[in-house]
Ligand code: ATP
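Take a look at this one chain, the form predicted alone, written out in structure tokens.
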Amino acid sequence: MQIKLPPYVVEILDKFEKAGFEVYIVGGAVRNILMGRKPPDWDFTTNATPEEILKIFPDGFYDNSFGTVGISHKSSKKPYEITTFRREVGYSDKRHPDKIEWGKTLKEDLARRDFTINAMALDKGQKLTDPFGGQGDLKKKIIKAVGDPVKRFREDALRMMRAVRIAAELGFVITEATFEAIKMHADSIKHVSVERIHDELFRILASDYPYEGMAMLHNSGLMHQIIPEFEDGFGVEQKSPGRHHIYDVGTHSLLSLKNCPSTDPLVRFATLIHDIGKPQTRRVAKGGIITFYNHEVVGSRIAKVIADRLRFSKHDRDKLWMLVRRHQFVVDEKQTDSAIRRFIKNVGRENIQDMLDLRVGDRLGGGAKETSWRFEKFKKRIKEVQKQPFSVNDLKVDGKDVMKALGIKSGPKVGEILGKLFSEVEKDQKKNNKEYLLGRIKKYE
């Protein structure tokens, strides 16, 4: 498939050609072109050394650890990366080559790459070089390691998660030999930085197939290394008289993710681990009734431990804690406005839809229907109650009104009076009337 290359990509190819060097577009850009997609970024390989590349692009910068020259340009948020043909020798840390040797041919360079669908190259005329059958594997929709998969994963342990991530993004399957190699070396993922693991995990969660991605992490043994607490849920039965759950905790968690309507990776992750406290709280009561009292409390503590381990931002960690801690909210047609307000305050207005999405995933993942008349009424009540005052900021009077009415200066007294006025309004919304409230100010003098 021929596409119109971006002007700066053509400029890069032209400059190498004029300087007498070979240069090719490689990696994900080629894969995207063959799939009829617009590449989000562009990588190149060349027989020019880094020193020679920097003579062509004096403003470039050299990354010695990977032998890559980066070129920043206004046409792309990410730098264009240009790598010299190379061979990589030794991977003591399971991540970076101990030694980089410049290669002589394009095929030699493609042979060191991770998967066949990433081991193709295009020249300026968009002629394809595909020594390992990547184009055929694209048509088959498979992820297959270049050469010996065991060797590929020994070289770079992050490739195992990358295989899962690419499969989840494209809706592909991993070949049996490649998947078996992942299972064999899953424990080596511990050599990869938690930041890189976090990035790949969230890219899987943000993909079109997050359920399939998480299932692959589970089945390969990678999940046991990354989030061992999640694995404890498999085999923990929930089925008991009068309860809607028909799956064990682990299976239910995966199916909850599958049915969660949110596309936010953090909300999807919260849905995946919302019941992570159940293995520790499971009890069997009289009559065979299985209970998990306070599992949301225990689960929220575990969620915080996981978030800290995977280096979540404070915002993401706090939101994850909240979603797990509050997911057991009561849906009852008899709930008072005060109860609904407490729910909204505990969750936060900005997180209400995320919490409702988690609940939908939870229901469907447990074998229940997507919704019920109680749930629909609850959602309607939330909208209605949000129109009511939630804090002193929603009162029809403010601090200036209090100071003017009492002839006092700004201070704690003003806030105290506003708080008392709000207590009245919270009990009776009709009292949020400026004339009434002005009349009440002096009562609290």
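Numbering starts at 1 and follows the sequence shown. What you see is a predicted model; the values in this text were computed from it and never measured.
Unshown form predicted together with adenosine-5'-triphosphate; subsequent notes refer to it.
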Only one of 177-185, 131-139, 336-344, 152-160 has residues with a heavy atom within 4.5 Å of adenosine-5'-triphosphate in the model of the complex, and that stretch is 152-160
Contact at 218, 232 and 252 by adenosine-5'-triphosphate in the model of the complex, all three, heavy atom at most 4.5 Å: no
In the model of the complex, does residue 401 have a heavy atom within 4.5 Å of adenosine-5'-triphosphate? no
Partner proximity in the model of the complex: residue 203 to adenosine-5'-triphosphate, non-hydrogen atom cutoff 4.5 Å: yes
Can you tell me if residue 394 lies within 4.5 angstroms of adenosine-5'-triphosphate in the model of the complex, counting non-hydrogen atoms only? no
Hey, in the model of the complex, does residue 165 get a heavy atom within 4.5 angstroms of adenosine-5'-triphosphate? yes
Students should find that, of 363, 198, 112, 304, the residue having a non-hydrogen atom no more than 4.5 angstroms from adenosine-5'-triphosphate in the model of the complex is 112
adenosine-5'-triphosphate isn't shown here, but in the model of the complex which of 300, 84, 118, 238 has a heavy atom within 4.5 Å of it? 118
Taking adenosine-5'-triphosphate in the model of the complex, which residues along 405-427 bring a heavy atom to within 4.5 Å of it? none
